[in-house]
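First, one chain by itself: the form predicted alone, in structure tokens.
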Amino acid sequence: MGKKLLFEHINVPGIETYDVYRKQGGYRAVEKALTKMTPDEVMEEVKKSGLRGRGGAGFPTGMKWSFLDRKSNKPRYLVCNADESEPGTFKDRFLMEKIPHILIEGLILSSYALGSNSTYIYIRGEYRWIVGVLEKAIAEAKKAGFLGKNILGKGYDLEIYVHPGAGAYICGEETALIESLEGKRGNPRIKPPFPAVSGLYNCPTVVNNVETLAAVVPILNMGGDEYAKIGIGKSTGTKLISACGNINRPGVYEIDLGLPVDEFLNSDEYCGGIRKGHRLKAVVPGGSSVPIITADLFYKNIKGEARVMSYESLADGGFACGSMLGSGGFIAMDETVCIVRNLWNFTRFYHHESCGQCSPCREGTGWMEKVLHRLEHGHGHMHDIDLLVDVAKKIEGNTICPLGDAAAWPVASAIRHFREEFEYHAKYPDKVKNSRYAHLDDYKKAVELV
């Protein structure tokens, strides 16, 4: 049984309310920080913890905080990135809906450490009902004296505001989020300057993910050194994983980083294995933007070493044989899943969500969608496969923000690991035309998968 830090009280009735959260030890970390610690000491505990950003990139949180321009006379801002739009990822939604006060407490602690007096939660437009949940929690915390003027009589002021977006995936990129928060079109900014120097309203700004900020609460309660003892190597603490696909127990799970992938996928505590009568074919470990890998490469890296659920282990071997933990959007696919159709679906998403600012992404995602549509609907050619690889290469690394990379990596990895399935689509168009699943039986026989 893994240690539960964020979900320790998730099943307590009424935990979404201030009174119940408080009875379970809520806001104890705020009291500790404001009465016994300086902002620098709070930041030091986060550094000691080794906490890495839980939104996808995995950058060390304490280090990111230390980049904030403290010499400037301008106001400082903390922005919570709750624009959870990555296909396959729904952990932040669950956390905000079920236990909102742990996020509010994390925001107070982080704002105190950063010297921010105005903090924003930028939430995905499709999470409209959670806006009410958060605003109620904020009102309860303010009534209890944990927000507003002179918090706990310690001379620290803080207001938290909830700002819903309009349903644009691109606004998950921090500079596009800032543009949107300022009332402009959500286009990513060219960096430098980085938000830590010139972010919201051209002031020093830190943008962190929901889970990252919530994790500051257990770090302050238990101490950074103790938190760092959980996990493995540079992947410390616990991680929320959104698990879906062809598994018996889809849901959101809190795991100790370093958990063996076999245990996560097959134990009854977590995913409960692949549905009866089927076997694992492929895995997307961290949301649709990370490389897809085969079942064999999920269980073991190219050296034959067993993988664990950590940033380093899943990336071991690079994109040739590894992937990324990313945002924790775990998608399992059994042998009934058509990789070409799945990839076409992903690519449609990235084409639709591209802001259009960069030509490689604006045009390239559209080309990839059209070519994959051709292959999936029985109009493809063998040269389409190499064309897809070529377009993906021309997008990767040539855009202002990572959306271009996010669109290119799934295409390149799917063809690398499942090229024979793409070739089958090109060779036998009549068998794939107007057929979602039937052609897979013929394909499996053709490539001796059965």
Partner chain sequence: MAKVTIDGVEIEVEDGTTILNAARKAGGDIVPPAMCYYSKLKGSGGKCRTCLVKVSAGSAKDPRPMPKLVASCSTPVQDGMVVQNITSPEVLEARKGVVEFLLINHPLDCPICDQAGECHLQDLAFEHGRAKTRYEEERRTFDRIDIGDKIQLHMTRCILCYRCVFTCDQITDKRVHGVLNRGDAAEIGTYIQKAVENDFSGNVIDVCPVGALTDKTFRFKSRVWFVKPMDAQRDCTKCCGKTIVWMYGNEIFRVTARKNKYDEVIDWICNDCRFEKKNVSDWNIEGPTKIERHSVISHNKYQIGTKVNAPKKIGYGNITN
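Positions refer to the first chain, counted from 1. What you see is a predicted model; the values in this text were computed from it and never measured.
Although not depicted, the form predicted together with the partner chain is the subject of the following passage.
Undergrad: Want to guess which of 97-105, 350-358, 219-227, 232-240 is within 4.5 Å of the partner chain in the predicted complex, heavy atoms only?
TA: Residues of 350-358 come within 4.5 Å of the partner.
Undergrad: All three of Leu68, Asp157 and Val207 touching the partner chain in the predicted complex at 4.5 Å, heavy atom to heavy atom?
TA: Not a single residue of the candidate spot has a heavy atom within 4.5 Å of the partner chain in the predicted complex.
Undergrad: If the cut-off is 4.5 angstroms on heavy atoms, which of these, Gly258, Gly88, Gly322, Gly366, is the one near the partner chain in the predicted complex?
TA: The option sitting close enough to the partner is Gly366.
Undergrad: Note which of Lys370, His163, Arg249, His377 lies within 4.5 Å of the partner chain in the predicted complex, where distance is taken over heavy atoms; exactly one does.
TA: Contact check passes for Lys370.
Undergrad: Do Val391 and the partner chain share at least one heavy atom pair within 4.5 Å in the predicted complex?
TA: The answer is yes: Val391 has a heavy atom within 4.5 Å of the partner chain.
Undergrad: Report whether the minimum heavy atom distance between Gly167 and the partner chain in the predicted complex is within 4.5 Å.
TA: Close contact exists here: in the predicted complex, Gly167 approaches the partner chain to within 4.5 Å, heavy atoms only.
Undergrad: Would Ile395 count as touching the partner chain in the predicted complex under a 4.5 Å heavy atom rule?
TA: Contact check for Ile395: yes, within 4.5 Å of the partner chain in the predicted complex.
Undergrad: With the partner left out here, check for me: in the predicted complex, does some heavy atom of Glu420 sit within 4.5 Å of the partner chain?
TA: Outside the cut-off, so no.
Undergrad: Counting only heavy atoms, which residues in 174-190 are within 4.5 Å of the partner chain in the predicted complex?
TA: The stretch 174-190, when checked against the partner chain in the predicted complex, contributes Arg185, Asn187, Ile190 at the 4.5 Å heavy-atom cut-off.
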